[in-house]
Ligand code: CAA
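Just the one chain here, the form predicted on its own, laid out as structure tokens.
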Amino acid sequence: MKYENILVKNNRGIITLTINREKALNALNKSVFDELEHFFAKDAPRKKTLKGIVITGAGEKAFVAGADIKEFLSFKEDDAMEVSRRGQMIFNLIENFPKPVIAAVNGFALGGGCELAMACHMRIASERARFGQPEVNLGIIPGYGGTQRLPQLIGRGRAMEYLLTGDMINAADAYRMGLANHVVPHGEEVKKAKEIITKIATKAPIAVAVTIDCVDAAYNGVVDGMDYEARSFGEVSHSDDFKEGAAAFIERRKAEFKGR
């Protein structure tokens, strides 16, 4: 697929994926979702040297300032339900991706933009970042996981307040509440995200992927999290990476993981 709404740049195994609709404040539309789905379902999994992915928005104002509301105006109930389910599915691809995916939030992350950021494994916020789910102002609700992920990240009571008032969350408050992992000077968010991915890339790839899987399994609520962890622990204990990691620890040397 030829991408027209996202830019994909690979630098030594770290991909920066930029939502590239600056004039529309990088609003999500069907074309953006099509390209995100293709990238995370088909392109990214084939990249064997991939260390991780940073998602950001083009320009200085917005990460993603929401969905393209014009597309919603002609929806019937079934159309809206299908769009919501498809958006949830695509964001689940991001959430369940076996390599770290970090949102570098350089401005407004509102509505679908906030939901995209929350689907990532971590969020690095520029000091100018603003998060929010303002859908109630339009007479609608979040449709891409916002009512589910925001309570997981900041707690039920706080999430209920922001979901029902539509108020924005500034970068400092996002960090204080656990929505943002770090707050950095504007323009440094992608660099910080890459630093974290570079550090994670020195760890055992299988252990990283299985850790992501275990955390997601517990939050999705479809399995017993403790049992799932125990089973995954058993599986990882047979990996060559574990044998190498244990040997390196005992021999006081740096481990050389092979991802198997």
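The structure displayed is predicted, hence computed values, not measured ones. So that there is no doubt, residue numbering starts at 1 and follows the sequence shown.
Although not depicted, the form predicted in complex with acetoacetyl-coenzyme A (CAA) is the subject of the following passage.
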query	finding
Option touching acetoacetyl-coenzyme A (CAA), based on a heavy atom within 4.5 Å in the model of the complex, out of Glu37, Asp213, Glu60, Asp68	Asp68
Contact residue in the model of the complex, chosen from Met177, Met160, Ile140, Met81 - any heavy atom within 4.5 Å of acetoacetyl-coenzyme A (CAA)	Ile140
Which of 169 to 177, 186 to 194, 120 to 128, 107 to 115 lines the interface with acetoacetyl-coenzyme A (CAA) in the model of the complex (heavy atom within 4.5 Å)	107 to 115
All of Ala24, Glu135 and Tyr144 within 4.5 Å of acetoacetyl-coenzyme A (CAA) in the model of the complex, heavy atom check	yes
